[in-house]
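Only one chain comes next, encoded as structure tokens, the form predicted alone.
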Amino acid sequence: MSARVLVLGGSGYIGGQVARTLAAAGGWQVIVASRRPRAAAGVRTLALDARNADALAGVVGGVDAVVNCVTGGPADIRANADALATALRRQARAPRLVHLSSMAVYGASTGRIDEWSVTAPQSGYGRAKCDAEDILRHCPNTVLLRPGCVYGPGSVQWSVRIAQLLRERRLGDLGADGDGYGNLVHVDDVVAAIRQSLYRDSAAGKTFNLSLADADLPTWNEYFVEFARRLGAVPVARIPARRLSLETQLLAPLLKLAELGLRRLGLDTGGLPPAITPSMRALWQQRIRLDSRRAAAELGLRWKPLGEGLAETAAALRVVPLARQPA
């Protein structure tokens, strides 16, 4: 008999990838739950508010595992963690819980950061992720995953938007502003970590960082320049600090106001150009290196090389990589 797994937030980017991968692999009956579930081959969909403990309790009691990929604002993240912990405490037998957290729990820390490093979140999002960890780590049979910046085909934040900014020459070589480490992890590796966390009993009760290994870890400048070349967005722009300041301090707030105004009018915001926020600039300067050796060793992961991941991402964006451009 197949094991049953509930994927919360299964209509999102990572949750959707997890559901499709588990369904294709066989051995799992996959239930995708979200407020607005989308039909997918090989999975059962369920409309469910993951902030409602009663609704969750009625579902988690009938599954063998839960993958929590719920995202949203800080209040939603905390409410989901509280509801899920309450629902799990009501069960006579605790299913395996794999909870997707974030490197944001480390805040502005620098240097090599392993899973025993002090968490010091600074953003509202980071604080909510840290609170959710504190709530759920006390549930039995729980695995916490802290991915870095998830890139790959379909990643809006770290692939699609970055590609648009590179093509518009609003992003490129940032000089000192881009010398921080890009703790990138391909979406396929995040999905692999979730799968291994479901299968391996030894993972229960542990926390794992997810990021490229040191040998393949780029600076943000290196990531932007290589991605631009794969996209054919060459020559790569050199972005001076003054121009980046105008982007983050002037244009980003204006774009946010425009987005809010369009939403109040019920209009589509998709036509607005992406913003470069102050928090993004700070991240691109941050000299933090996630230590992901524990995940590689205990979950048996092999990180997808950056060049391979960027080639896949460029192909998914329907562009011709630089190596195939005519001379």
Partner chain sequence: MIIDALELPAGTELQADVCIVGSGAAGIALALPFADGRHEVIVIEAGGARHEPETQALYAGEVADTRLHPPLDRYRERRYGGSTTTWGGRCVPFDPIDFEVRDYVPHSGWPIGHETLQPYYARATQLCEAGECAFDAASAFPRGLPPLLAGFDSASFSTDTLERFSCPTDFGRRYRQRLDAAANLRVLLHANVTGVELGDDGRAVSAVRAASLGGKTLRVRARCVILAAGGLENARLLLASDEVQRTGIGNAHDLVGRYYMCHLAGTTGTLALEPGVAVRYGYDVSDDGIYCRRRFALRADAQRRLGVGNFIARLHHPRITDPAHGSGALSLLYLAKPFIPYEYAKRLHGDDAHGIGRWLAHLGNLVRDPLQAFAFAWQMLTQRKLAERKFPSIIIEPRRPRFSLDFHAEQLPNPDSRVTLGSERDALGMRRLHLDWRYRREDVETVARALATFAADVRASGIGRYDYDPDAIEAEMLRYGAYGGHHIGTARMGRSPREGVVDTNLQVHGVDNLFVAGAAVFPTSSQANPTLTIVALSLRLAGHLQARLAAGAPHAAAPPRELAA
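Numbering follows the first chain given and starts at 1. Everything quoted here is computed from the prediction, not taken from an experiment.
One more form of this protein exists, namely the form predicted together with the partner chain; it is left out here, but the text below deals with it.
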Practice problem: Could you spot which one of R287, R263, R35, R38 gets a heavy atom to within 4.5 Å of the partner chain in the model of the complex? | Solution: R287
Quiz item: What is the one choice in D114, D216, D134, D179 with a heavy atom within 4.5 Å of the partner chain in the model of the complex?
Solution: D179
Quiz prompt | Segment assignment from 75-83, 135-143, 170-178, 115-123: heavy atom within 4.5 Å of the partner chain in the model of the complex | solution = 170-178
Quiz item: Just to confirm, P240 within 4.5 Å of the partner chain in the model of the complex by heavy atoms?
Solution: yes
Quiz item: Do K206 and the partner chain come within 4.5 Å of each other in the model of the complex, heavy atoms counted?
Solution: no
Quiz item: Is D188 a contact residue for the partner chain in the model of the complex, using a 4.5 Å heavy atom cut-off?
Solution: no
Quiz item: Using 4.5 Å between non-hydrogen atoms, is C130 touching the partner chain in the model of the complex?
Solution: no
Self-check item: in the model of the complex: members of 221-250 within 4.5 Å of the partner chain, any heavy atom
Solution: N221, E222, V225, R229, V234, P235, V236, R238, I239, P240, A241, R242
